[in-house]
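What follows is one chain in structure tokens, specifically the form predicted on its own.
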């Protein structure tokens, strides 16, 4: 292991030990209790076994590259020869750590720091993950597909992702977290987009309904670059995901979309930031969720506009459709603006199916259950349509609606 990597692991371990498990007194955890969870019971399995991607929603079709991480290690990786010939680097982060240290060292632990308990733990304990680098000017048409699975029950998976796009580069990355076995997943993804780069990033969290899933995703977007980020969450018992975008260059754009379905007694916590550090940048966030039974969702979103970031155009919305009177959705939007000449707006709603809309459909001969299902699908459609790839959009729509029993 390289000296620089050992140093960062040590710093992360010290931070993780000092921080401890968050409690309800911590601002970002006020609505998500971890009381009673024994994280020490989960250990990374030493054996990573090969196998197919059982439960993969977006695994079909052609891809520029594929990677599967099972338990503690990558068990399958492939990259099309013509893509590799263009200088694209794609594969196991652990395997490539020494060979491509020049790509990894400036990013790992610098985009997502060690000031949060789970990110610090991951910095100390990650065992494998993904490195994707697309050189300047290279435009990869086919998507890259990655899958992460806990194959050994009651084990932990510490995964790490680094994505680097050079100036004018274009790529699509699909990241799936498969059902697998019950366990504890904790990961970090660090994304860096150079000037005029374009990344489509699709994350699907479909972990086992008895699993714990924690993740910190953070992107830095340079001048005139664009990130189209879509997330779908339909799994895990308890989960918290951070989705953070930092617009560092003038004219940069971040479009964030998410759909989620939470049922039973499952708990989902989404924490987002849209950080405008440069003038004339655009961020647009649209999250839509469906809640059933006694499930609970939390969304906390902050738009931050730094001094001098004039011309900022930022929007965020969180809409929740409540299919049960015992479900609960908490939405906490926020604005922190340190300059003028900006446009920043937000909105949040939570409510049941519109009875007049249901009546209209039923009056046209549509059975009640089918009418309610049509309303749910129509409610989610706006967020799903923001995914540019039709194949991905249709597959996700089918997967999401499978979790809705009406």
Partner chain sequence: MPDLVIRNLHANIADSDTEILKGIDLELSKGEIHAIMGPNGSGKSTLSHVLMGHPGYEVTEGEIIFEGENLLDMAADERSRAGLFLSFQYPFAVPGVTVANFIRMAVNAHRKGGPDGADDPIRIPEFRKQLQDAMEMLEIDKSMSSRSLNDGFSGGEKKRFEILQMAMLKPKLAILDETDSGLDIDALRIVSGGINALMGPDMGTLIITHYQRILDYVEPDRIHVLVDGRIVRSGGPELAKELETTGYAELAKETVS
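Keep in mind it's a predicted model, so treat the numbers as computed, not measured. Positions refer to the first chain, counted from 1.
Form predicted together with its partner chain: not shown, discussed below.
Colleague: Among the candidate residues 341, 370, 338, 47, which is the single one with a non-hydrogen atom no more than 4.5 Å from its partner chain in the predicted bound form?
Modeller: Partner contact (heavy atom, 4.5 Å) among the options: 370.
Colleague: Exactly one of 361, 34, 53, 353 has a non-hydrogen atom within 4.5 Å of its partner chain in the predicted bound form; which residue is it?
Modeller: Residue within 4.5 Å of the partner: 361.
Colleague: So, residue 348 and its partner chain: in the predicted bound form, are they within 4.5 Å at any heavy atom pair?
Modeller: Looking in the predicted bound form, residue contacts with its partner chain do not include residue 348, since no heavy atom lies within 4.5 Å.
Colleague: Against its partner chain in the predicted bound form, would residue 379 count as a contact residue? Criterion: heavy atoms within 4.5 Å.
Modeller: Taking the distances in the predicted bound form, the answer for residue 379 is yes, it comes within 4.5 Å of its partner chain.
Colleague: At 4.5 Å between heavy atoms, only one of the stretches 21-29, 394-402, 8-16, 381-389 reaches its partner chain in the predicted bound form; which one is it?
Modeller: That would be stretch 381-389.
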